[in-house]
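Shown next as structure tokens: one chain only, the form predicted on its own.
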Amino acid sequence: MENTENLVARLCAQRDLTDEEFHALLVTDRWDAQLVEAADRVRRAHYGVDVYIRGLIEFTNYCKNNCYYCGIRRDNRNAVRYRLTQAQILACCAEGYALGFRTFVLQGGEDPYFTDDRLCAIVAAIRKNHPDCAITLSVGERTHESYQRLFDAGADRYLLRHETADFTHYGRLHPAELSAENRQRCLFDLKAIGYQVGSGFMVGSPYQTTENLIADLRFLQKLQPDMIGIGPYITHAETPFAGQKSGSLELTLRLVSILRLMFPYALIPATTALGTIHPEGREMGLKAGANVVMPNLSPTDVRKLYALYENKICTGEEAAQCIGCLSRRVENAGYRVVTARGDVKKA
């Protein structure tokens, strides 16, 4: 096999490697510096130093599902549940708009209360109030008809991590009623409808192998998403995986760089999970090739309740405090926050 420095150069040039070559990059930190340098060069070529901000509104922590890793899983009886009203969601958007946000991300558990009618009404109201903004949804698996209705109501983008592309591994992370096959079907439905689609996976989830990660890269090549969100798996005490160890900062950053080289055009967030496992995790993510951050616009009294994992950061800050702090952090890392919609730049 060629030396790994040549592998990084070839990954830049052809956006692909063999499984064996990806394995070589993933299992060692010896060449991380070359990956980070190359990824930063590629992101600057496509997006300059711009970092797009997305206003995150976590509007419900009810969920009908029972995923083994998630803190808002159905069987977590200690979770304090909440739902935001349409008026509360619109107030979050109005506050965010005044602060310069031009993308709103509505994220929630798979909450049966939010029927198509209710969710379409919320999306339509945001579209009416803020016609120059992008509306992103992250509300899980739904039918093709549901996705179409939400798109017609004004949603532009949809985030749905595939979590793991390997069907066997997926089955070890989820109860039997959930399947990798259906989740992937949802992603291709969303693309067919016309959404800008985001996918991604957890890094270091229980039972994950290097081969699983390579399968994730291959699935993303097939999907060709507009956005790719990855973050380290972080344990939660109220789940069956309470005793499992969390994922690695180093491997997550390595994968951010690999993804930037494979998908130069992609919108890749420096996730809150990165900032949770390391005080400068989000800055490190930006330097590794990420170009999106997602400050929280949710009311402060519910932020601690949307606990997919433990010790989540920025749960007590007001939105204005959060964006001010984050802007300074981004600038200190060598980039700048911009208030554009931040649509994907595909050739």
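One-based numbering along the sequence shown. As the structure is a computational prediction, the values presented were derived from the model and not from experiment.
Keep in mind that the form predicted together with S-adenosyl-L-homocysteine is missing from the display, and what follows is about it.
Stretch-level contact check against S-adenosyl-L-homocysteine in the predicted bound form with heavy atoms at 4.5 Å: of 189-197, 251-259, 139-147, 126-134, the positive one is 139-147. Residue contact with S-adenosyl-L-homocysteine in the predicted bound form: L160 places a heavy atom within 4.5 Å of it. S-adenosyl-L-homocysteine is not drawn, but in the predicted bound form it has no heavy atom within 4.5 Å of Y47. Shown alone here, G108 lies within 4.5 Å of S-adenosyl-L-homocysteine in the predicted bound form, counting heavy atoms only.
Mapping the unseen interface onto this chain, Y97 falls outside it, with no heavy atom inside 4.5 Å of S-adenosyl-L-homocysteine in the predicted bound form.
Contact with S-adenosyl-L-homocysteine in the predicted bound form, judged by any heavy atom within 4.5 Å, is made by just one of C70, I53, M284, A319: C70. For the residues C93, L119, L220, I234, the 4.5 Å heavy atom test against S-adenosyl-L-homocysteine in the predicted bound form is passed only by I234. Taking a 4.5 Å heavy atom cutoff to S-adenosyl-L-homocysteine in the predicted bound form, the contacting residues in 285-311 are Y306, L308, Y309.
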